[in-house]
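So this first bit is one chain, no partners, the form predicted alone, shown in structure tokens.
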């Protein structure tokens, strides 16, 4: 019995050691998008580092665009679902609903329909979402916000899930230059709230004001895990496209939205000084801006 207890302690210490040494960002390059997503999370310490049996997990996926390169590759999401359910999660909710048409874009959907069908979505948050007391909550004050001095309407379950996993696509955006981890959180808002991001600044679609609103929104809650799609993405005419498609073929996983956005912006060839959310996010304490301070591990499969 004593030997068993010592073994349990040793395994626990080893597990804690592995988590402590986990990279800040893992980048996996290659054609196998599903397999590379599994590999990226494994190298981050495994999904069990982020979720526990019986928890409720909320996913936010940029899935609603029609043009290729403007939406997250569904193979990434299917891989995430497999890992979540393998970890013993009891409830998975898409904080912005994912359509059946989206799943049909993946050749893996049919063989993984058993896990896809276990999920649910907040259908009331389908664009253009309107406020209802059943599904949304009004936030009158965002602590430490610099631009949001108006009432926000946000999906209620965002605050109820035990674990929040953010799954954006790194691509061009006409106003913010890059849309990725930080901007993806606008998918939690009603249309009325997002309109305020665009109209309540000193001028319509003011880039500085929108960037600060995005940063203020991210102050509400950080993602427990970010898995960014930088495989086949639009570099122009975003966010909806059609645009120039480039293919870095990279899955980028981590927990620091500022660092991930900076990494992806650089990889896509954007001038980082034009991506205002990165500098403002750093100034707000949302993450690190100096990638040299981070343990970034890259693999090629």
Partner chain sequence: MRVTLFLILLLTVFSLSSQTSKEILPNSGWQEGWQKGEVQFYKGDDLFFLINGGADLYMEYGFVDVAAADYVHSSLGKLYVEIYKMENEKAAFGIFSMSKASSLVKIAPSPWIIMADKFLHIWKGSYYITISGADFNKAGFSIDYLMLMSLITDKIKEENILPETFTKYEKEGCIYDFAYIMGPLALNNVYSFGFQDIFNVESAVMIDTGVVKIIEFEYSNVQKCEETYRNVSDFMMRTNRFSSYSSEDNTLFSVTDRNGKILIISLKENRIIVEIS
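Treat the numbers as computed from the prediction; the structure is a model and nothing was measured. Residue numbers count along the first chain shown, from 1.
One more form of this protein exists, namely the form predicted together with the partner chain; it is left out here, but the text below deals with it.
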- Message: Each of 23, 120 and 159 within 4.5 Å of the partner chain in the predicted bound form, by any heavy atom, yes or no?
- Response: no
- Message: Looking at 67, 267, 35, 42 here, can you tell me which has any non-hydrogen atom within 4.5 angstroms of the partner chain in the predicted bound form?
- Response: 67
- the partner chain isn't shown here, but in the predicted bound form which of 192, 115, 93, 109 has a heavy atom within 4.5 Å of it? 192
- Task: Given that the partner is absent here, state which listed stretch (213-221, 134-142, 193-201, 72-80) has heavy atoms within 4.5 Å of the partner chain in the predicted bound form.
- Result: 193-201
- in the predicted bound form, residue 174 touching the partner chain (heavy atom, 4.5 Å): yes
- Message: Can you tell me whether residue 51 touches the partner chain? I mean in the predicted bound form, with a 4.5 angstroms heavy atom cut-off.
- Response: no
- Contact of residue 246 with the partner chain in the predicted bound form (heavy atom, 4.5 Å): no
- Would residue 232 count as touching the partner chain in the predicted bound form under a 4.5 Å heavy atom rule? no
- What are the residues of 125-155, in order along the chain, with a heavy atom within 4.5 Å of the partner chain in the predicted bound form? 127, 128
